[in-house]
Structures are given as C-alpha cells and as structure tokens.
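One chain follows as structure tokens, the form predicted on its own.
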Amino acid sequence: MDRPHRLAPPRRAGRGLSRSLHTGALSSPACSSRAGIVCLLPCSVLFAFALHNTLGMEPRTLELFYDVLSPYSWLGFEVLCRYQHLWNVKLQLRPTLIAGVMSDCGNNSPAMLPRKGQYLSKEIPLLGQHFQVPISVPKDFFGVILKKGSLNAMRFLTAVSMEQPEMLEKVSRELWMRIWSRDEDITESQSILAAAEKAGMATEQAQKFLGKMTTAQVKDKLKETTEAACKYGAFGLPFTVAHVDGKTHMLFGSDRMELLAYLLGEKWMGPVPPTPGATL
C-alpha cells in the first residue's frame, strides 16, 4: 500500500524560507510580509496574538460544500484547511454533487462556453501557483467535466463522512490529486480505492465504503447535502456557509476568503498563511 501523499514543497519563497503546500508552514523563524510588523514576529508569537483575540469565544461554524470535480473547490478547500488551525472556527466538510446543484438552479458549466473554457485552461494553472496547490488541467477537459462526472467519488466521500470523518480531508485531497494533478480517473472503483489507500485508509475499510456507495443511506445523505446547499442558495461550488453571531452568510467560490475573514473578524494572511509550529 502506498504511503499517504504529501504535497511537495513549492518554489523557494526567499532566502531561508519555504512553504508546505498543504499547511503553508514556514521553514524560517520569521514570517516575512508586507502587511505590517506583526508578520515579522515569530510564527509562535503570531499564533499567540491570534489566540488572544479569540480566547473565550465559541468557534464559528463554517460549512464547505464541495465536489472533487471542481478545481476551484480544491483551492477553497486547501485555504480553509490551512486557516482552520489559525482562526476560531469549526470547519465542516460537506461532500456535494455539483451536477445536482447545477441542475437545480438551471446553471451550466463555465466550460460550456468556448471562450470561457479557453480562459479557464489558462487561469487554473496560475491559480494553482498562487494558492500553492499542484493543479493542472486534464488533457480531456470536457470529457472529464461533462461526461465522466463525479457521482461515485462523491458517494464514496459521503460514506467516509458518515463513518470515518477524520479521513475525509485526506481522501478528498487524494481524489483531487488524481483528477486535477495527475490526470487520472476517479470514476472506477479501483481508482477510488487507490486514492483512499494513498490517503492512509486501510484497504479493508476502503473496500467496505466502496460496497456502501450504492446503499440507500449513502445515496440519501449525498442527496440531502446537495439539497441543503441548494436551499442556502448555491448555484455552483465551492460554496461556503459561515454561521457568525446568529447570522448566516453565504460565499461562492475560492476567491471570497478575504471577505470571509472580514465577516469572522479574523486576520487574512493570503492563501498560504504562516503556520504555528513551523520547523526551522
């Protein structure tokens, strides 16, 4: 069984400084930033500062509705996974069927418009560099998006979320790695099994979840989550729902995270923030 995949370190961010793609961890004891003097402090001090501001407050709930068929969902997913350890939030990952959301609101894939499809093929790799996520566009872009879909993958993730939620983040990431980084299949059972194993799930457990993909419980749960996203007003994915001070805020896309920080009253430090506990 392969070991869980860890995203390789990206380009050097400066002398004596590098970041992990997943955590955004800095290998330098100082966090260099143009934002101000606070970011020049050691990461541990920065974390203590953030903790002081949220001490005694109940974590705000963030629901992330996502589908591994969506590259923008991957970007939003990684940002929120990084910030869940820095902000006073409780992140809930909600596997959702993007085809169901699009059908419910009468929306079409952006790739259906030739000019927009051409634009996306150029934008996605640039966004991957900016977010430090290894995204590349599949060779058969239209076949992957419009024909193959993600029903089996999302049913599998739904089963994981129901019985082994602590593995949901890692397995989701490995499915994205297959389709959006290595241009590999995510529709066949063996492909999904390979992703689960690479994420660190035991083969026997992964096979158990494969067997549950066609059960009424899993089908109904995925349908329920998709309907919940639609009731919130989703017209695409990713769709983040923030519950703050008794109010519900809906944000679409992976480029609204700075606005999310504003709503939460938290500090935005870019898509790859410094992480407490970074090694020297």
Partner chain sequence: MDRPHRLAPPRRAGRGLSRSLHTGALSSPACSSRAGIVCLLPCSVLFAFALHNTLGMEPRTLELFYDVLSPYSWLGFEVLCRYQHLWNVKLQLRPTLIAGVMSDCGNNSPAMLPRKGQYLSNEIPLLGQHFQVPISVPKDFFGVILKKGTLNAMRFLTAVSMEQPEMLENVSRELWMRIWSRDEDITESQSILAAAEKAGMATEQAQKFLGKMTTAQVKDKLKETTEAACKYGAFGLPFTVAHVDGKTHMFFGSDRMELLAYLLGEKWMGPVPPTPGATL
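In this text the structure is predicted, and so the values were computed from the model without any measurement. Residue numbers count along the first chain shown, from 1.
The next section is about a form of this same protein that is not shown, the form predicted together with its partner chain.
- The candidate spot formed by L62, E163 and G200 lies out of contact with its partner chain in the predicted complex, as no residue has a heavy atom within 4.5 Å of it.
- Only one segment in the set 151-159, 86-94, 169-177, 125-133 has residues whose heavy atoms sit within 4.5 Å of its partner chain in the predicted complex; it is 125-133.
- Within 4.5 Å of some heavy atom of its partner chain in the predicted complex lies at least one heavy atom of M250.
- Its partner chain in the predicted complex comes within 4.5 Å of no heavy atom belonging to D183.
- Residue contact with its partner chain in the predicted complex: M213 places no heavy atom within 4.5 Å of it.
- Although the partner is absent here, A206 is not a contact residue: none of its heavy atoms lies within 4.5 angstroms of its partner chain in the predicted complex.
- Taking its partner chain as it sits in the predicted complex, the stretch 208-244 comes within 4.5 angstroms of it through a non-hydrogen atom at C230, G233, A234, F235, F239.
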